[in-house]
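Quick heads-up: it's one chain on its own, the form predicted alone, in structure tokens.
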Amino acid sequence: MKVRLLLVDDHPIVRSGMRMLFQAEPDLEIVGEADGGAEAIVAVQRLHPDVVIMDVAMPGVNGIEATRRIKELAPETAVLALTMHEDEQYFFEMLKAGASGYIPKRAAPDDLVAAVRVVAQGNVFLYATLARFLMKDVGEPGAGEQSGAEAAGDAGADDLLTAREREVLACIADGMTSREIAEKLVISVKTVERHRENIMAKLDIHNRVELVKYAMRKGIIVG
């Protein structure tokens, strides 16, 4: 089944470039375009895309507000931020709004295609040079809101998770899909999903970005 894409950017030439790029990929299908946030919100409800590729700075309803509204209306739709802005403020605001990924417009076309596939599978994609913001946030106690695990003293992962759950968490944080994790650990996809649910429940964490931050902070993965 093809991944259904909605392209959102106020510059026609940018949308045209993306259209040419994605049309060459047999597993991706463009179902619509929008030139602003308000139009994107309406299009999501009408077209039900799997992934919205969202510009951040647009006139009227910007990408941050549009992402927030889209995730409220269609939580199953993934939003990938594609933007000229590589500063910390936009990065965290988009993630807090519900974006599953953040990639700059200067990135290579292959990186954008890869990012789309990653977020379409329910995982998080953070462009390498922007992940430093997440690392900085991890290294600053009290930066942002704390998860339940942090509020309880941020007990070591060894105290909260089983060895298998640590393995699954490392794979999730590394951007692997449930099927890829199942193949690597030689377990079923259902078992992976059960471990994922248990990890989130134990850590009182409810999104993949926070899982990645936790894994980095505890040394389960290195950013």
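Quantities reported herein were computed from a predicted structural model and do not represent experimental measurements. By rigid core we mean the largest C-alpha set that fits within 1.5 Å across both forms. Numbering starts at 1 and runs along the sequence shown.
There is also a form predicted in complex with the DNA; it is not shown, and the following applies to it.
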Go through 189 to 197, 22 to 30, 61 to 69, 42 to 50 and give me the stretch that gets within 4.5 Å of the DNA in the predicted bound form, heavy atoms only. 189 to 197
If we define contact as a non-hydrogen atom of the residue within 4.5 angstroms of the partner, is H206 a contact of the DNA in the predicted bound form? yes
is_contact(A57, the DNA) in the predicted bound form, heavy atom dist at most 4.5 Å: no
Would you say whether R69 is displaced between the shown form and the other one, judging by a C-alpha shift of 2 Å or more on the superposed rigid core? no
Align both forms on the core first, then report whether M54 has a C-alpha shift of 2 Å or more between the shown form and the other one. no
With a shift of at least 3 angstroms, figure out whether the C-alpha spacing between F92 and E167 grows or shrinks in the predicted bound form: closer or farther? closer
Closer or farther: the CA pair I199/A97 in the predicted bound form, versus this form, with a change of 3 Å or more? closer
